[in-house]
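Consider the single chain below, provided in structure tokens and representing the form predicted alone.
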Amino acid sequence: MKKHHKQVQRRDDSFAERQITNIWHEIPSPDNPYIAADCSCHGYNLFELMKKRTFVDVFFLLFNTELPTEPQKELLETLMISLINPGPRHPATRAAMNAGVGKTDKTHILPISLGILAGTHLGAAEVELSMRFIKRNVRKDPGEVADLLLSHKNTTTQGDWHPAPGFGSRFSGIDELARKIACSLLALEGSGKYLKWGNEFASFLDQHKMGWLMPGIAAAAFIDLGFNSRSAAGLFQLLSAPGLFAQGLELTNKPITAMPFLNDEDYIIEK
């Protein structure tokens, strides 16, 4: 038999001759065009930013093309502090701690934990989904949205339930820390209609032992700050990265017995 091969067609794409970015402008060295002698971020000179601005200012500028107002700066900095460590109960933090105590190369602790933090359960993907949910419903009555979603609960579902991304139960109860953080952000001048709508929506979940989750708080604050949903997942990972790395690094010089190990009788294998 004769083997027939699919005819290969040429691509007619016209590729750029050089990298193009509106974010970062580099002025080449007169002696070596491959080395930058100066640079700017969205038109602001890097050395001027280093002298006159804070990290929070430049972080905002990098993603939003303009420097923040004072209320925006305060809201972002407060949010950054609240997200700096997901805490040892979070699966991503436990991954970092296991990697550290397991003597994983220290340069791999953060990538391992960020991979876990990327998920849809209390992770970066849930932040993006929550942003889309809040944007889609912000003009609706939060009580009516809550009633509609709660009416769809599957009574056979076990464990925590998130009726909407960024909202639900944590270990079968209300996440008290998340609720306190939301109240702190709402008290700031920079908070806007999205944090307010999310808080009203969360209040209708109270009687069902549900409420704000950290991905939902991050989502609402990101929208109020002008960040888009495409950047949400990465921003959440960036702001949580310091705590993840610190938690993993803490255990790198500890014996493997420093972390719990489940006994055989604690494993459940369903038939």
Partner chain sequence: MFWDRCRGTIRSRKGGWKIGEGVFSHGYNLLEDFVGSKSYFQVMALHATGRLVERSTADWMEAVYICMSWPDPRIWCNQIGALGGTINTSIVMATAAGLMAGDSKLYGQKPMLEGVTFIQAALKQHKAGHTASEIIEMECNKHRGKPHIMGYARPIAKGDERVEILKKYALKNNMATGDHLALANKIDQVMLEKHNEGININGYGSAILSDFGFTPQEAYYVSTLLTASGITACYLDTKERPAESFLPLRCDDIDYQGPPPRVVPEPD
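Residue numbers count along the first chain shown, from 1. For clarity, every value in this text was computed on a predicted model and none was experimentally measured.
Heads up, the form predicted in complex with its partner chain isn't pictured, but that's what we're talking about next.
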| message | Is residue 207 part of the interface with its partner chain in the model of the complex - any heavy atom within 4.5 Å? | response | no
| query | Are any of the heavy atoms in residue 112 no more than 4.5 Å from a heavy atom of its partner chain in the model of the complex? | reply | yes
| task | Please run the contact check for residue 22 against its partner chain in the model of the complex: heavy atoms, 4.5 angstroms, yes or no? | result | no
| field | 4.5 Å heavy atom contact, residue 95 and its partner chain in the model of the complex | value | yes
| message | Can you tell me which of 48-56, 216-224, 199-207, 30-38 lies within 4.5 Å of its partner chain in the model of the complex, counting heavy atoms only? | response | 30-38
| message | Please tell me which of 132, 153, 89, 193 lies within 4.5 Å of its partner chain in the model of the complex, judged by heavy atoms. | response | 89
| task | Only one of 117, 182, 79, 146 comes within 4.5 Å of its partner chain in the model of the complex by heavy atoms, so just point that one out. | result | 117
| Which residues, if any, of 240-267 lie within 4.5 Å of its partner chain in the model of the complex when only heavy atoms count? | 256, 261, 262, 263, 264, 267
